[in-house]
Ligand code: COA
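As a starting point, one isolated chain is supplied in structure tokens, in the form predicted alone.
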């Protein structure tokens, strides 16, 4: 049994935060941001809405596209680093709002690598015959975790969600063919949110020290991301005896255009084989790859039978690549 993607969807908020808007908040400008990141604008969700709102919207697009009922879902996995609340899981909130009355679910936190991790996990439930319909959602409301007085991080992140439905197929020529995932906990100190968990619960001290915002050592993360994504993508192609000519599209994590360009150069991929949309959305963390995949499909960039590689890198450090053959007409 092969797990195939039968539907994709995405959601981004209406509000745009442009580089010129950020110029009013920190010492920066449009040219500086574009030259270093490739980002022109990002989307920001309303303060009274949680990440579950976007996750539900993305899942609803998939359900409508697939023309099924949410009651047919067996499992919902939500990849997110920005849950609505600490307890319960965002997946439970999504399940309630979708009225997916016959499924169970859970959250998975692997930061920017979350969606690829979750897709890999979901595929196992399909391939072993346990489930027939698994909804995988990558969603993050990064604006709730960003210090808009820190120009090193506030220019990078935005809010969004993407989703994919996995179902079984007997066609060995379609679906998820392979994945390679990695984790290196020594990277935790370079990219994290220090407070808010059981180690450092919220207190006057943690709030005063601004410890509930994203911290990133940009130079270290940049270097490790380029090496990690390029190496694991090369590894998955070699393992499956594939060359660049066999790959229709590389969908990388959308963190920084310079990272994407460096990875593509190491892999020898031409620009027309690499999907990029971070100029419009910035880094939406676990949402970047499903959002990009949904947009690429709707732009007609992927046809049934095309080989696609998803490649990602995030906090942890967590990284990996997933190889699939597109199954949607």
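Since the model is a prediction, treat every value here as computed from it, not as a measurement. Numbering follows the first chain given and starts at 1.
Separately, the form predicted in complex with ligand COA exists; it is not shown, and the next lines address it.
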Residue-level question: is residue 104 within 4.5 Å of ligand COA in the predicted bound form, judged on heavy atoms? no
Against ligand COA in the predicted bound form, would residue 49 count as a contact residue? Criterion: heavy atoms within 4.5 Å. no
Can you tell me if residue 259 lies within 4.5 angstroms of ligand COA in the predicted bound form, counting non-hydrogen atoms only? yes
Flag residue 219 as yes or no: does it have a non-hydrogen atom within 4.5 angstroms of any non-hydrogen atom of ligand COA in the predicted bound form? yes
Is ligand COA in the predicted bound form close enough to 9, 18 and 277 that every residue in that trio has a heavy atom within 4.5 angstroms of it? no
Partner-facing stretch of 66-74, 260-268, 32-40, 293-301, counted where any non-hydrogen atom is within 4.5 angstroms of ligand COA in the predicted bound form: 32-40
So which of 191, 237, 89, 176 gets a non-hydrogen atom within 4.5 Å of ligand COA in the predicted bound form? 191
Just to confirm, with a 4.5 Å cut-off on non-hydrogen atoms, which of 119, 100, 108, 155 contacts ligand COA in the predicted bound form? 155
So which bits of 297-329 sit within 4.5 Å of ligand COA in the predicted bound form, heavy atoms only? 313, 314
